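The chain below stands alone and is given as structure tokens, in the form predicted on its own.
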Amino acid sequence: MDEKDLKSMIENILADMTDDKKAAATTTTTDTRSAATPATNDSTVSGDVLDDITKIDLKKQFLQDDPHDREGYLKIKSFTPARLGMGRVGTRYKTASVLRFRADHAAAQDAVFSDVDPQLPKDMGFFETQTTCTSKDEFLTRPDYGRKFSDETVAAIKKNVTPNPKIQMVVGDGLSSAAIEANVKEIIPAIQQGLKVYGLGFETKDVIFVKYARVGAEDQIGEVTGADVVCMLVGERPGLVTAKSMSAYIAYKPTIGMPEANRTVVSNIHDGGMPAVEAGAYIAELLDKMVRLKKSGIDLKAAENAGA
């Protein structure tokens, strides 16, 4: 290659490089203008609100493509809130399944880490107390603090709550504030109404509300009040099916350190399990049995089996 040919090749290369730079500059300018002036459709903001995905009934949601027996699968799902028939896209869950899982997990976390609306016990007329826990973090990390009260709180209970009742009702936030807020307004009147049939009852003002409560808190309340039977309604640890499940822990003359077998438990009180009103009627029946038989837990079950 002589000098003339080499010079010609260099000129061609430089010309190509110049054309590429011009093209890049034009593209950049166009992109910048496009970004600065978005399409009309993209800039339109809809006023619509997305549907609440947690309102979907998992027993009816079926996302499986081309099922062999759709009706049979739906019949199976009708008996359980388990996440069956959620479908897949390749090796992944479908978007709707993932979003619902995340929403239910978030609801469970909120139920644990939030407090019961402070207005609720006031509106219900409960006597408000607090265990020796001073914060939600301490409540979660020190369960023993959630089973006892300070001397000042014990004195306040003795002063403000009717002593030696047949039935002492207690409401504790436990591990789900959502469970208390969802069920207490219905279950307390239901229990009161049910107890009238048996000639028993309690005043709403004597119901003790316990903040940062573990189940064992009812044992000290039993000793302090001298009650024959203590019934504690408490929010249960939430799961992915519901964050609003409440239980009733009932004991005849509970004492600190008593065996757990001495408690009778009514669990799964929520709109997808045993509704609050129905649970209230059942709890009233149990309370009457305990007052009459002077037993609870496995001792009550043994007495019932013996035909007492």
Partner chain sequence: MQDDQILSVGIDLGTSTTQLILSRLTVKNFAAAFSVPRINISKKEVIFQSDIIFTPLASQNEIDADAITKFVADQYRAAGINKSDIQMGAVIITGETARKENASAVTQALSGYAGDFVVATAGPDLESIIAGKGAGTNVTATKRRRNVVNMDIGGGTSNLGLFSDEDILDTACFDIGGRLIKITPSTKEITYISPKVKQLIEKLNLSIHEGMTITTQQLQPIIDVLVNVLENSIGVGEKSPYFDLFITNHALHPEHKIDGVTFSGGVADCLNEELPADVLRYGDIGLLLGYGVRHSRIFKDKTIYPSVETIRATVVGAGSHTTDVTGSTIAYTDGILPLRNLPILKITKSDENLAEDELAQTVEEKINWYKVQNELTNVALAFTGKHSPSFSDIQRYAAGIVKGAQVLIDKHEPLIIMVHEDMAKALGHSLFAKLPEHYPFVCIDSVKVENGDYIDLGEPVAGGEVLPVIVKTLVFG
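Numbering follows the first chain given and starts at 1. Being a predicted model, the structure only gives us computed values, none of them experimental.
Absent from the display: the form predicted together with the partner chain. The rest refers to it.
S.K.: Does the 4.5 Å heavy atom contact test between residue 53 and the partner chain in the predicted complex come out positive?
M.R.: The answer is no: residue 53 has no heavy atom within 4.5 Å of the partner chain.
S.K.: Taking heavy atoms only, is residue 282 within 4.5 angstroms of the partner chain in the predicted complex?
M.R.: Yes, residue 282 sits close enough to the partner chain in the predicted complex that at least one of its heavy atoms falls within 4.5 Å.
S.K.: Does the 4.5 Å heavy atom contact test between residue 113 and the partner chain in the predicted complex come out positive?
M.R.: Contact check for residue 113: no, nothing within 4.5 Å of the partner chain in the predicted complex.
S.K.: Spell out, yes or no, whether the shortest heavy atom distance between residue 277 and the partner chain in the predicted complex is within 4.5 Å.
M.R.: Answer yes; at least one heavy atom of residue 277 falls within 4.5 Å of the partner chain in the predicted complex.
S.K.: Using a 4.5 Å cut on heavy atoms, which of 87, 201, 189, 81 is close to the partner chain in the predicted complex?
M.R.: After the contact test, the surviving option is 189.
S.K.: Under a 4.5 angstroms heavy atom criterion, identify the one residue in 258, 266, 58, 63 near the partner chain in the predicted complex.
M.R.: After the contact test, the surviving option is 266.
S.K.: Which of these stretches, 100 to 108, 181 to 189, 232 to 240, 142 to 150, has heavy atoms within 4.5 Å of the partner chain in the predicted complex?
M.R.: Single hit among the candidates: 181 to 189.
S.K.: With the partner left out here, which residues of 204 to 226 have a non-hydrogen atom within 4.5 Å of the partner chain in the predicted complex?
M.R.: None of them.
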